[in-house]
Structure formats: structure tokens, C-alpha cells
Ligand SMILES: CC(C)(COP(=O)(O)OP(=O)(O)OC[C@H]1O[C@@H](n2cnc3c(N)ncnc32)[C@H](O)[C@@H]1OP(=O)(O)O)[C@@H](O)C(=O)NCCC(=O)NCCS
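Next up is one chain by itself, shown in C-alpha cells, the form predicted on its own.
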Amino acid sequence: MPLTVPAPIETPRLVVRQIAEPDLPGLMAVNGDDMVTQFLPYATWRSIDDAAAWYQRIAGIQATGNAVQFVILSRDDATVIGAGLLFNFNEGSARAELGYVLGRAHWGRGLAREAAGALVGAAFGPMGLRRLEAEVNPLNQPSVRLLQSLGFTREGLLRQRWVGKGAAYDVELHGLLRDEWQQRGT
């Protein structure tokens, strides 16, 4: 059974929903910023063609049922401010990985936590997952703090796990169980 797509999620300041092709220009502004993609395992987008190629790749992955790509919108004006991803779904273990990115203009206001929290809630609620994992470059301390604030536990260091932007780098593995999330009442 594939990973189910939840209805759009509304939070006090955001709407988180499955991505659509018209979202690409807004995501270009997010993923076209070298500071935003600094710790991410993919190249900074340089053109709308990069965005279109990414969209086609994501559409193919979503078609397998192993991932759902989300867009994060400002609730006030429906502006695209970031993206989230649940991927590497393993049905037998009811687990997936969490990824997220937020445009630099929106940093420092708690929006990444609000969006990631909405995705975690959907993953453990209507999507029926039991476990979420996230891999983060340990140099990306804001992301590490975000995961900790959501209740994720650092489970280990995977040395030289990823190669991105011409260099191998370590990642920390963080995990969160549905029971832990529910006990927090988040």
C-alpha cells in the first residue's frame, strides 16, 4: 500500500499541502538560494529548468508511493515559503524519513517548526506511520535544534554518509516514534 496523501494541513500561519507544478516559481526562490541549500544534499537551483527537472523526478518518486512532496504556504497570502517531504517509506515497518526546507526570508520565526510539526502530526495521524527518521548535517545546528524541539532523539552519527557539492560529509540520524509524539501532546 502506498504512502497516503493527507488533506491540506492548516496551522495558525501556514498551509501545508501536496506540491503542484504551479508552485515551482515560488520554490525557485527558496531552492535558488545558496544559503538555504548549504547543508542540503542537492545543488542549488540556477534556473526554472532545474525546478522543472526536480519536479519531474519528484513526480516519478511520488508515483511509486514511497514519498509525498509538500509545499509550505503562508496562510495570509498563499506565498510559497518552503517545502517538506516524507520519503523512503517502508510499509512493513510503517516508517519514513522527514525532510524540509524554508526560504531564508522566513527563518527565525518558528515557521519551520510549525510546518515540520504539521508534517509529523500528519505522518503519525492520518498517514498511519509508526516511526520517522531525519538525517541532518551536524553543522546545521538550527535544523538539529528544530528536530530536538519536536521530540526527535539523536540516534547516531553516520560518518561520510552523503556526498554533496563535491564533498563527503557526516550526518546525524534522529528518530521519533508515534508513541513519543502522542505522549508530548504536540
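Given the structure is predicted, the values throughout are model-derived calculations rather than measurements. Just count from 1 along the sequence shown to find any residue number.
Keep in mind that the form predicted together with this ligand is missing from the display, and what follows is about it.
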Subject >> Residue stretch of 154-162, 140-148, 123-131, 62-70 approaching this ligand in the predicted bound form, non-hydrogen atom distance within 4.5 Å >> reply: 140-148
**OP:** Select from the listed residues A29, A51, I58, V36 the one whose heavy atoms reach within 4.5 Å of this ligand in the predicted bound form.
**Re:** V36
**OP:** Report yes if any heavy atom of L111 sits within 4.5 Å of a heavy atom of this ligand in the predicted bound form; otherwise report no.
**Re:** yes
Original post:
Heavy atom to heavy atom, is L40 within 4.5 Å of this ligand in the predicted bound form?
Top reply: yes
Original post:
Hey, in the predicted bound form, does L102 get a heavy atom within 4.5 angstroms of this ligand?
Top reply: yes
Original post:
Counting only non-hydrogen atoms and a 4.5 angstroms cut-off, does W107 reach this ligand in the predicted bound form?
Top reply: yes
**OP:** Could you list the residues in 55-74 that come within 4.5 Å of this ligand in the predicted bound form, counting only heavy atoms and keeping sequence order?
**Re:** none
